[in-house]
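Consider the single chain below, provided in C-alpha cells and representing the form predicted alone.
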C-alpha cells in the first residue's frame, strides 16, 4: 500500500517542480566543462590585465588577439575528429604547410591575393580530405593515419621553404592584425574611418572578428546539418549510428576535411601575422599538442560525442591567458611547461570525475 501511495504521489511531486529548473540543472551539468573553462579564462586574463602596465587597453587586446587566433583555429580543427572519437595529429603540420604555401601565393594584385587565399584554404581542406579517405577507405585508426600524413605535410613544407622567407602583402598583413579602424583606413572603406556609426566598433581587433566569422559562419551551420549531427552520433555510438542508417563514411570525410580547412586557416593567418613562411617542425608539434590540450580544457570528451568547437576556442583562450601571465610574473621558461601541465591535468581530472561517478554509461549523456 505504501508503495502504491509512493508511486501515485511521485508524479505529483515531479509536476510540482518548476519545469525550467530541471532544464537549467541539466544544461549546467552538460556544459560544466565549458563553464569551468570560461571561469578559468576570466580569472587568468583578468589577473594578466590587472598587473599589466597597460592592462585593459586596445593595444594589449590587439596584441593578445593576434596571439590567440592561430591556436583557436587549430583547436577548432582538432575538435571535429575528437568528436568522432579520434585524434588528428596532422593539424600542426597542415598549418605549417599552408603557412609556407601562403608565403608564395598571398602577394601581388588584389585578384592574385584573393586567389592565393582561396588556394591556401583549399589546400588545407584537400589535405584533410585525404586524411579522411585514408581513415574511411584504408580502415586505419585516425591517430596512426594522421601521424603519417603529418610527416608528409612537413616534408612538403620543407620542400616549399627550406629556409624561412617569402612575402605576404604588406597592406593585408597590417589590416588583418590590427583594429577594425586600421582595416577600414587601409582599404579606404569609409572616409578616414570616421563615420559616426563606425566609431563604437572601430576598436575591435580584426583577428577576433575573423575568429567569430569562422565559428558562427562555418562551425555553427555545419553542426546543425545532418552530417554534423552524424559526427556526434558516431562519437557517441558508431554501431548505433550505422544501424540508424546515418551516413557514416560521409560524416568522417566531412570531419577531416573541415579539420584540414580550419588548420589551413590557422596557417594562413600565421603567415599574414609573421609576413613569412617557416617550416618549423617544433612549432608544428607544439601547436598540435596545444590544440589537444585546448579541446580537453574546453570540456570536449576525448571519447567523442560531446563538446564543440566553440568550447575548444575557450580552451585555447585559457592556454594563451596562462602564457600571458608567464610574461607578467617572469615565470622561468623551465617552469612554464610544468604549470601548463598542472592546469591541463586538473582539467582532465575534472572531466574524468564525472565519468567515475556515473553508475553506467548512459548517465554521461543525461
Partner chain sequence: PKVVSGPGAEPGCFKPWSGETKHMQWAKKPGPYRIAIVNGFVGNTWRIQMIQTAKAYAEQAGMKEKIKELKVVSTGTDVAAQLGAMEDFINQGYDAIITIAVAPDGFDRVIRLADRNNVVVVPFDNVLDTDKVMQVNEDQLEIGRLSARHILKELGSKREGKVLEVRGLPGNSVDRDRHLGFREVMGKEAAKMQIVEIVGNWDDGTAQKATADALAVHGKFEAVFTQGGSTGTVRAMMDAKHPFVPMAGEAENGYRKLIAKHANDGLKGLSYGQSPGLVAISMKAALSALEGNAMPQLISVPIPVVDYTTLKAGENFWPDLTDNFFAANAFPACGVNISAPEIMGKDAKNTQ
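Numbering follows the first chain given and starts at 1. Bear in mind that the values here come from a model prediction, so they are computed numbers and not experimental data. Only the largest set of C-alpha atoms that superpose within 1.5 Å between the two forms is called the rigid core.
Only in words, not in the display: the form predicted together with its partner chain, which the text now covers.
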Quiz item: In terms of non-hydrogen atoms within 4.5 angstroms, which of the given stretches 258-266, 196-204, 283-291, 101-109 touches its partner chain in the predicted complex?
Solution: 283-291
Practice problem: Report whether the minimum heavy atom distance between residue 56 and its partner chain in the predicted complex is within 4.5 Å. | Solution: no
Exercise. Give a yes/no on whether residue 328 approaches its partner chain to within 4.5 Å in the predicted complex, heavy atoms considered.
Key: yes
Practice problem: Flag residue 49 as yes or no: does it have a non-hydrogen atom within 4.5 angstroms of any non-hydrogen atom of its partner chain in the predicted complex? | Solution: no
Quiz item: Is residue 164 close enough to touch its partner chain in the predicted complex, meaning at least one heavy atom pair within 4.5 Å?
Solution: yes
Quiz item: Does any residue in 256-289 get within 4.5 Å of its partner chain in the predicted complex, counting heavy atoms only, and if so which ones?
Solution: 270, 273, 274, 275, 276, 278, 280, 282, 283, 286, 287
Practice problem: Align both forms on the core first, then report whether residue 59 has a C-alpha shift of 2 Å or more between the shown form and the other one. | Solution: no
Self-check item: After fitting the core, residue 303 CA displacement of 2 Å or more between the shown form and the other one
Solution: no
Quiz item: Does residue 42 move its CA by 2 angstroms or more between the shown form and the other one when the core is aligned?
Solution: no
